[in-house]
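Quick heads-up: the structure tokens below are two forms of one chain, split into structure 1 and structure 2.
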Structure 1
Amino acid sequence: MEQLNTSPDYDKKDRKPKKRQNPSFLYKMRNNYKYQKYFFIIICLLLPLIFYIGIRILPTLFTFNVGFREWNLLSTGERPFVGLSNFVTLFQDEVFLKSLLNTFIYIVIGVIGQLTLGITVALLLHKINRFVGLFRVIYFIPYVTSIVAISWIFQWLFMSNGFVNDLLINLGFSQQPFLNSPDQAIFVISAAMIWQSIGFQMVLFLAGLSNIPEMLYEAADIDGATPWQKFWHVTVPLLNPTIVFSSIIGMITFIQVSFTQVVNMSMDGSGGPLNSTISVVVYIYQTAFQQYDMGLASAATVVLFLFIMGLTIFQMKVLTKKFDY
């Protein structure tokens, strides 16, 4: 004998579940596969968003708050609101202004250098058919090597009795101070940064080159274009999205790695000689964890944030162009 369903949601006449006039959200979730799918997707999207807000947005807002306060890491008393006082102190500090200028030099030299060498290596590898994988691995190895290890190797190469000075003396040139010189040290550190990032830029440009249709080069050949004209009027415009992406990522990377390489390659480990290699991130570290002035360090962080945002907007406005062939 068939057992009757006594649930209030069951229609005894039609022997089917009753359709509710205004079903609740939980009822829809329990009985509708489409709602269950959407709920799962929303949960998967919300978890990374909550994590990002927790480790990025909230600390950034907290840093803005600290930047407007007198906040010593060792004091346990009240941390009063001081308005723009920390920012005024920063722009009256010659060391901070020097670090800001050095950071700008690191970015300009580094981004131009790594883009130029990255696209050069990518074009050369794009033209050969043999040992391409081997060359890619060789150029990419420095990018995955420890920054500290590369910094110490470059420091050994450019020390007063290092390999480069030995080579210069054997060629008849005078010995150079390199990392001990306020005029040369920043360029040696920039060279180490550029050399390490060539592999990453090469991969990006190889991906961009593979997306350029070969028929455009064939059409240029028919028109009698020279190799330089094909590069300038076909390759560069179609690589524009890759160039914009590489320049922005390169700029942010140079600001980040300028801490590790400056600390490991400068003669006193703090941006010397005579603050000639100090970057903003090194200045922030020294202010926060050696002088324990979190208010001033947070104000410098806010300035660095605005500096990066301004440069990024400038790069996107200047470099982003649309080409249609």
Structure 2
Amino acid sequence: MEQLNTSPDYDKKDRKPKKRQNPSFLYKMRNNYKYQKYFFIIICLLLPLIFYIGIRILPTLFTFNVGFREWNLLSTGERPFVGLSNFVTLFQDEVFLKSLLNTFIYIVIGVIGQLTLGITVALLLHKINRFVGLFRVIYFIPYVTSIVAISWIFQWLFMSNGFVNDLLINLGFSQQPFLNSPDQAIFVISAAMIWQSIGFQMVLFLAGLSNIPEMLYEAADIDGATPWQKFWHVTVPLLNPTIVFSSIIGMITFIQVSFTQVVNMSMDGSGGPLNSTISVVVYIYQTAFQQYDMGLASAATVVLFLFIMGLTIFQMKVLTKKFDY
């Protein structure tokens, strides 16, 4: 490394290398400060990159590979390549199709729910001057609370003679089965997920709101805009990047968290009653670690991957439309 002279004089001199046809990589390395700088940067980036490839990309590729094999998790024997057969099995499996549909429902209800509530809370918090910190803490606490604990609390709230049913009965409504009902359970579980994520969304939107210049509102005031018009024509367009970001992040978290809640809140702990709350992630878990069918589980993972990718692209296309300010 005796060539690594970084003195400015050396640099200036060397920045225009002598004419040389197609200088080799090593030649440039030795003589060109710019390249040495790049080399240093790249070495620094390489280490995390290799780590990242090792723990993220390779396992992902490995999963793709396993998806095309017959692979019993417990077996130490052969793992023959079976082509698309796992995918065929998957799409003939009613439970998988149900889980795909449910995941979609979780995303739709969840993302819409948390965006609306997150924006609402953020707008309200943005307006007040006192106790802001206190409110922020209160709304953010659920986000950092154990999902299992929250699931159990919701289960107690919504059980047949729990708090919510008491409330309904006192208000003159009839008792609801909630988690025992194939039609209602998925909404109760979604509610728990939304409730937990409001705090995080709120923080994102508060940051987004504080980036909107006050003068735009003043200008709107001068133009005689109503609060509603200000919201639609100033706040929403300028919050658009935040909305895109949180809906994509929200969607991905909903796919991921639709595991713990489902396992802890569904009637038999596996997405019941009658598979009405099972999500793809729960399906993958059951296939891999209860039926030991790694091939099928990996195939489901690949489908989920494509599903998330498709939805993300869709969201970015739909939500990032340009606004004229």
Partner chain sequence: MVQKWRFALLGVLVLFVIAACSGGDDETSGSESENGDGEITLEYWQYAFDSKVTLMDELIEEFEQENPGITIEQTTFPYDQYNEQVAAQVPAGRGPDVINLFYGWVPSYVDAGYLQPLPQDAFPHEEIEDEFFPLVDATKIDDEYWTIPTAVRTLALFYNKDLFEEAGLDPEAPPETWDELQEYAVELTERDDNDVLVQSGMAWQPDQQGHHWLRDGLTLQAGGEVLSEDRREVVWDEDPAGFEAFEYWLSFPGELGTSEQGFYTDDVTAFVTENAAMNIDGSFRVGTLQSDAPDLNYGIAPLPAQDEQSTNASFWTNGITADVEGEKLDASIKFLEFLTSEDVMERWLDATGELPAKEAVAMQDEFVNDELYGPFIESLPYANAHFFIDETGERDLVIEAANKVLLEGADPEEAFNELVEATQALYDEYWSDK
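Treat the numbers as computed from the prediction; the structure is a model and nothing was measured. The first residue in the sequence of structure 1 is number 1, and each one after it adds one. What we label the rigid core is the largest C-alpha set whose atoms superpose within 1.5 Å from one form to the other.
- Of the two forms shown, the one predicted on its own is structure 1, not structure 2.
- Annotation: Cα of Y35 displaced by at least 2 Å between structure 1 and structure 2, core superposition.
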